[in-house]
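Have a look below at one chain only, the form predicted alone, in C-alpha cells format.
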C-alpha cells in the first residue's frame, strides 16, 4: 500500500506545474482504455501509474471477454459458499479472517447485496456492458495496428460431476432469458469440440458469444499506441495527495511533480479506495487475490478457452502460451504467493484433463494479483457527487479486462458531455453512502 505520510515529504513546493485536459490515474485495462477513448475524443490526456503499465491484475488474469459472466459476484448462494469455504485455503473462494472494520463492513454489505431481486437487476446491466465491450474489442482489433491475440470462439464450461452440470444448466437457462446464447453438450460432443484432448467430464456448456485475448498484450500495446499518438503516459508516477477547494480538485501531487487537470479519472483498481480516502470519497472496494500459472502451449491445443467449472479454473490459450487462472482470496493487500492456492489450481487440472500434468509443463510464470471487488459485484462508474471534476472507474472485480473498452468509452462520454447508450445509475459512486 502507499505510505502516504512518508511520500508527502517528497513534494517540493518549487516543482513546475504540469497541465493537461484529463489526468487518468491508473495504468491497467480501465485506465489505459479510458485514456484511449479520451484521446480519441480530442482531449489532451496524461496517464500516471505508480508502477509499470499493466503491472497489476490486468497482467496475469484469464483474458476472457465474458458476456457469460453477467451474473454478479453477489448472488443468493455466495454467502453460503463463502462460509463453507472460509477455512479451506484450497477452496475456490477463500476469506482470510481479519479483524478489520472496513473489511467486516464490506462483508455485511456483500451479504445485503446477495439477494435474488438485486441479482436480477444487475444481470441485464452487466450483459449490456459486456456485449458493448465485446463490440469495442472487435473495433480495436480491426484497426490492424494492435496485436493482442483476439479470438471469438466462445467459452466452454466443463463439468466433472452431474450436480455441477445441473447447476450450470440452471445458470445457462437464466442467462438465456436475458438473450445470451448457449449450447449444452454431451461428453462425446465435448470431445468433438476439443480434438486431441482427453476430458473426464459429464458434459459441457458453450457460451457462444464470449471471446478471449492476451490481456498483457492488450494493455501494453494499447498504451504504446496512445503514447505514439500523443497521450503522455507516465509509469512510476505515484499519486501522493490532492489540493482541493470549492468542490474541485485543483492539483494532483505525484512523485514526478504536480499536475493541474480540468478532469481527473480515478482508475487505480484495488488502490482506488486508498486514493479516494484522501478526497473523503468512500469506495468500499476489497482486493481479491487471484492466481494464474502460464505455460508453453502444446502445439495441438485448440483455440477455444475453457472453465473447469466446479474448481472455477479458467484455461485460456494466448498465442504460444496457455494460462490456468483461478481462485478468489479476500486477504487484504497481501501480495504474497500462497502456494496452497497455486497447488489447488494444479490439482484441479487433471480431474478434468487427465493427460495434462502441469508439473511436466514448462512453467513460464506463477502470478498473483489483486482484483478490486465491490460488495454488489458492480463497478463504481460515474462522477463523484463531492467534486465537479472527478470521475471514478473502479471496482470491476474479475471482469476488468472484459469491461475495459466499454468503461473507457463511458468515461470519455461523461467527460465530453455525450449521451450514454447504457443507463449506469446503478453504478453510482456514492451508492453505499459515506
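Positions refer to the first chain, counted from 1. As the structure is a prediction and not an experimental result, all values here were calculated from the model.
As for the form predicted in complex with a small molecule, it is not shown, yet the points below apply to it.
Only one of 291, 110, 352, 259 comes within 4.5 Å of the small molecule in the predicted complex through a heavy atom, and that residue is 291. None of 45, 391, 399, 406 but one reaches within 4.5 angstroms of the small molecule in the predicted complex through a heavy atom, and that residue is 399.
Shown alone here, residue 207 lies farther than 4.5 Å from the small molecule in the predicted complex, counting heavy atoms only.
At the 4.5 Å threshold, heavy atoms of residue 371 reach the small molecule in the predicted complex.
The small molecule in the predicted complex comes within 4.5 Å of a heavy atom belonging to residue 325.
The closest non-hydrogen atom of residue 239 lies within 4.5 Å of the small molecule in the predicted complex. Contact check for 37, 41 and 133: none of the three has a heavy atom within 4.5 Å of the small molecule in the predicted complex. The stretch that touches the small molecule in the predicted complex, counting heavy atoms within 4.5 Å, is 269-277, out of 295-303, 192-200, 113-121, 269-277.
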